[in-house]
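Next comes just one chain, in structure tokens: the form predicted alone.
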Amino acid sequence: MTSTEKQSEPNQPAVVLRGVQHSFRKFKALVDINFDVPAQSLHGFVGPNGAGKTTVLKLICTLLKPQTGKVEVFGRDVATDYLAVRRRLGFMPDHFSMYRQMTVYEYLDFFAAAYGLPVETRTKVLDDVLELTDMGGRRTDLINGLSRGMQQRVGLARVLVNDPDILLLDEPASGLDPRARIELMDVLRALRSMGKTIIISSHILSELAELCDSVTIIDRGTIRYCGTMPGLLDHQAEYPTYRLTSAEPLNGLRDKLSKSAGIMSVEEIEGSPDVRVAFDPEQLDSNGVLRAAMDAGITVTGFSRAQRHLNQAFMDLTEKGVR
């Protein structure tokens, strides 16, 4: 596909799943999966172990065929147009085998040849991916002598050899030390800035919080959330909830505010003098809450939509126990 064709698709989702179900014998791994991944974004795919993350990634990269529903990559059906899909993606599984008696350069050159890259362009391509993954100084090292983090970098370099538009990374930070994780995330940011679409599967939401543009949470084969990170953190409650900060202690004023029409609850925030105020949107809006607070004699110094902690958001959306 030419660069002109690629540039004509900026508003088209990179990946679309609709009504996808998949079972392994009697075990239902996926139940009516529906979500989109925007093009040229970094998308987190998060869920507990066994939630169905790897099954979804294998469907997207054509290693599994959907039993029910449809999976599309840039408008191409993975079931009927799998060859075109494979040309546009790179898949890095959680556990992958490597030819450990090869040097880093020999290993990447082998895959470049397998992708059909001409000999005359291979050197430039391999130099570029080695520079991007900061492995240029290890090009003559045997893979067998590399640390886990270095091998992860080589694995990432491998999936970049054919210049894919979409990267599917299954637990790419698994087993890495903190420094290696940070450096890997920096590489992924660089790839996103180059226009790549990146889907990262993980069971740790916090390590993706500052990295991802959007996130999908899956549990027990069902999508529990798909959207932006700020949307995930918004306090999920029966009524809209805001965090209110006062210039003075709320002594007695809390009770006054609770009695205001449309205020459903006023709750203390543990370890903080602030309170959460929930209100009925049919009777009030956020400006009405502020007005009620001032009428109650409260000097408001802070007022914002209440948000959950990442860990709390994840716990709220997933169930306890193993399937």
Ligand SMILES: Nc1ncnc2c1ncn2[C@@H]1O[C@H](COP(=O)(O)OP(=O)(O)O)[C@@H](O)[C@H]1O
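In this text the structure is predicted, and so the values were computed from the model without any measurement. So that there is no doubt, residue numbering starts at 1 and follows the sequence shown.
Separately, the form predicted together with the ligand exists; it is not shown, and the next lines address it.
Contact annotation for L42: none of its heavy atoms lies within 4.5 Å of the ligand in the model of the complex. Proximity of G52 to the ligand in the model of the complex falls within the 4.5 Å heavy atom cutoff. For P48, a non-hydrogen atom is located within 4.5 Å of the ligand in the model of the complex, even though that partner is not displayed. Using a 4.5 Å cutoff between non-hydrogen atoms, L284 does not count as a contact of the ligand in the model of the complex. Residue heavy atoms within 4.5 Å of the ligand in the model of the complex occur in exactly one stretch of 66-74, 256-264, 276-284, 23-31, and that stretch is 23-31.
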